[in-house]
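As structure tokens, one chain now follows by itself in the form predicted alone.
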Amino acid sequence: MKREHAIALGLAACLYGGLAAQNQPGSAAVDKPAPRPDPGRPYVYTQWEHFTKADGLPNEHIFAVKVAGDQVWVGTENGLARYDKRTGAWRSWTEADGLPWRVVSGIDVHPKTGEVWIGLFGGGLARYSAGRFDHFHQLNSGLVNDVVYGVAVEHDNIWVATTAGASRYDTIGDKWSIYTEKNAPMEEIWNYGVCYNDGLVHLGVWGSGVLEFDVATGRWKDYLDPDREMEIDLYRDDGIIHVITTGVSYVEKTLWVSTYFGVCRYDGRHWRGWYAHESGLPSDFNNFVKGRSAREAWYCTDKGVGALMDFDTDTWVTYTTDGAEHAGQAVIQRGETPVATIETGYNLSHNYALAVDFDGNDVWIGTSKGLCRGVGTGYYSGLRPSSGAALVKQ
């Protein structure tokens, strides 16, 4: 026993000695790995313009923004507005000017005809063409409900997201189709958002996640939280982060989704979800999303705007403003880790953001207290090596 004990002590001493030697300064075995190189910094918008009633808006509560060529169409709580980028002039329409309903909640523009399709919150659907408004509602058309949240043009068809399902209007054949829980996989029928791109229509449905309609086949596909736990995300990245969806955006075969409980992305094979505590989202309460590419998307929340600028490195820019002081910041984050803060001056018109659209390098954002444009001089996608200019280190 003594001999065995001595051998054990000897082995322990050898092991300890080896570990001690490895821990000596300069020992290659335990030297800390070299820090990873900085992958670079995203583009940050530091030049902003603001528009209010004084500039020509009929109202400063903005629900929708749509850029179409040289024109920017804006839906407000009290009318429709159009900004001409060539002249800098505004024109607006209220009910006194023939607009069928005062609250404009959704806008899309037909790329071939230039017709403007307008979702009316409580008033149905309108078409603005050749200086005239045409009005579609429950009593004169196949519109399933007059409370409209979103509009999307699909070829010669117009999709309308309403609180009682979705309608599709064939403008050539003058025919309507209605989709509810009776003929589509809707567990709930409150359609909150709609988009069309690349042969697919996506509906954001309150309580039913995201529905996908394949135009070529006429088939539906639904995206729901697989674990069926609405209160928590039981299994990370197993599917849509929450079924109460508020916005959908499909670009470069990538689906971006906003909900009232976080946001997510789907590339056709893999889901990725984010909450505010682990990302550059200012809040989990998201009103809208617009994807710029498969790597970049902007989320409108009740506490600012979170822009995921580079998906591969999980790099965000968070824009928030102090309207009273006309001051603002852009915080660069890698996941939950702040990297740098940039003092941008007055950026968002208000932190309660409701709409966003891209205009080349520029970005337009509608808020509860005005419209703003981030001027993207020198914009680039992804990341570039940091020069350190204008950065305030965290």
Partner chain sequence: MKTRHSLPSLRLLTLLTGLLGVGIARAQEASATSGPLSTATVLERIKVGPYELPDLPLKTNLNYAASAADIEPFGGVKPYKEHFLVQMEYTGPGRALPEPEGLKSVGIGFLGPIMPTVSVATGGRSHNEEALGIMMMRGAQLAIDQANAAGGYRRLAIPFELVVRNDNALWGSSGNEIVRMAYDDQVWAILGSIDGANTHIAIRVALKAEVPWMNSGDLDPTFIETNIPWVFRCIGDDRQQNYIILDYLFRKHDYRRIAIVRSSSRYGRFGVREIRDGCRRLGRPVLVEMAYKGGQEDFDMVLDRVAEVQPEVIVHWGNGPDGARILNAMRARGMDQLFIASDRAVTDEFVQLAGQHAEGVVCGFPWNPESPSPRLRAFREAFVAAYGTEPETYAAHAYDGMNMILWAIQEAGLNRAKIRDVLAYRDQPFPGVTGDIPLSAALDDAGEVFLAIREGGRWIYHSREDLGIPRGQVIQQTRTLRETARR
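All of these numbers come straight from a predicted model, not from anything done at the bench. Residue numbers count along the first chain shown, from 1.
Below, we turn to the form predicted together with the partner chain, even though it does not appear here.
Only one segment in the set 102-110, 83-91, 169-177, 195-203 has residues whose heavy atoms sit within 4.5 Å of the partner chain in the model of the complex; it is 102-110. Highlighted residues Q47, K221 and L255: none comes within 4.5 Å of the partner chain in the model of the complex, counting any heavy atom. Using a 4.5 angstroms threshold between heavy atoms, G114 stays clear of the partner chain in the model of the complex. Remark: T163 counts among the residues lining the partner chain in the model of the complex, judged by a heavy atom distance of 4.5 Å or less. For G69, no non-hydrogen atom is located within 4.5 Å of the partner chain in the model of the complex, even though that partner is not displayed. At the 4.5 Å threshold, heavy atoms of A184 stay clear of the partner chain in the model of the complex, well away from it. Along 252-271, a non-hydrogen atom within 4.5 Å of the partner chain in the model of the complex is carried by Y260, F261, in order along the sequence.
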